[in-house]
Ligand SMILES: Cc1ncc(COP(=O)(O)O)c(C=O)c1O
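Starting off, we have a lone chain in the form predicted on its own, written out as structure tokens.
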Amino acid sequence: MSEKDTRKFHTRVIHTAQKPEDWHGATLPPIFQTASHRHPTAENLSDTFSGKTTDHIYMRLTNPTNRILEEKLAALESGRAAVVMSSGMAAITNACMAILRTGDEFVSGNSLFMSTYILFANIFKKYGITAKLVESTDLDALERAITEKTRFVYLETIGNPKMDVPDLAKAAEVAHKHGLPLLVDNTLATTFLCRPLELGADVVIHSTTKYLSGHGDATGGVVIDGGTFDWNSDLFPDFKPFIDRKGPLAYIDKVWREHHINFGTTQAPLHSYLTMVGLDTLALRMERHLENTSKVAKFLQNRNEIKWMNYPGLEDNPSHGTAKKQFADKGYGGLIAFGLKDQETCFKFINNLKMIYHLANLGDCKSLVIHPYSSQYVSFPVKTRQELSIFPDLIRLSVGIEAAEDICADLEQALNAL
């Protein structure tokens, strides 16, 4: 289908990039489980290495199954091109490193996934790159942090586990005012709830492991290029050969050719296949996730054991207005962060659960719970955990697609037993 596909999302998510005529009539893409590809002539392989053809050479470079997923995800996000990778963190790392050089800075919201924070605050620092972290929803602070060394602005559509929602359209205006691209991690919202490129962002990143796959069976990540940002600037001096080669798609070419290939962040074809199987039901799953999360939040509001709750669907939440506008009132995400009395109470609550799984993941069709302070963030200094709104009394709940009544029943019995 063309870029102006006018079909509804529920239709596009199933039929985009479908090519049964090329798959011997199969309605699911084949898994090309091969390390390399035979070429008929020496000239053909030479032309492929030089970029004159888009034939496949070696799995670390490209793979036919992966390419189908790339085409599908780019179209669903209203992007021009994409590269799928082995994990969400591979995608984040490559997306940033394609722009950064030693001595550069970038501005990021401070509501970040754990590993993203470590990458930005600790690892990049070792290579002379500075991440300036500001309140994710404070546009004035974001703009004040920009200097002549800044190379991009980075935000998450919904913060994890703070659940704050920055105004992406206004953030894009700030970034573009200073000649900078806006990179957005859209994992928690998904392309069903929000399409940042349509709001002015330039690059979108997903951990496909989460909602896009949706079944806890495949890891992966993707970088999607909107193809609208002008990289022909003194701020990005090493982009010229990529601009000469790919024009408006210089960025994704740089991500792929300079970093993805050489860092070896290859997506397994089986995982691409599983992700595409999951995508067929993304719209239906997200509708159920969003509906259930709203019901569960209302249930938890009435429990005395709950000391506080972060969920942008609540009218008194600071991000409610932005989320309602940005997500077109379709829903407010599938995560809820709430507080119990203390860490000991959190542990008792988790141990009391009978149906809800206790594990380090989110976005699964099953409901999942975790105590971030003592698990994912256990090695962080207490001060850093506080700065990231990670407290000993915090529970993060990823609401699944089971019957909402059964999710609430399990939460109720676990709370009653405290």
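Since the model is a prediction, treat every value here as computed from it, not as a measurement. Residue numbers here begin at 1 and follow the sequence given.
Not on display, but discussed next: the form predicted together with the ligand.
- Contact check at 4.5 Å (heavy atoms) against the ligand in the predicted complex: all three of G88, I92 and K210 pass.
- A residue is said to contact a partner when one of its heavy atoms sits within 4.5 Å of a partner heavy atom; E156 meets this definition for the ligand in the predicted complex.
- At the 4.5 Å threshold, heavy atoms of L180 stay clear of the ligand in the predicted complex, well away from it.
- Proximity of G220 to the ligand in the predicted complex falls within the 4.5 Å heavy atom cutoff.
- Using a 4.5 angstroms threshold between heavy atoms, T187 counts as touching the ligand in the predicted complex.
- For the residues T293, N160, Q326, N310, the 4.5 Å heavy atom test against the ligand in the predicted complex is passed only by N160.
- Of the residues given (I390, L69, I370, L362), L362 alone sits with a heavy atom within 4.5 Å of the ligand in the predicted complex.
- Considering the ligand in the predicted complex, the lone stretch of 201 to 209, 136 to 144, 233 to 241, 72 to 80 in range is 201 to 209 [heavy atom distance within 4.5 Å].
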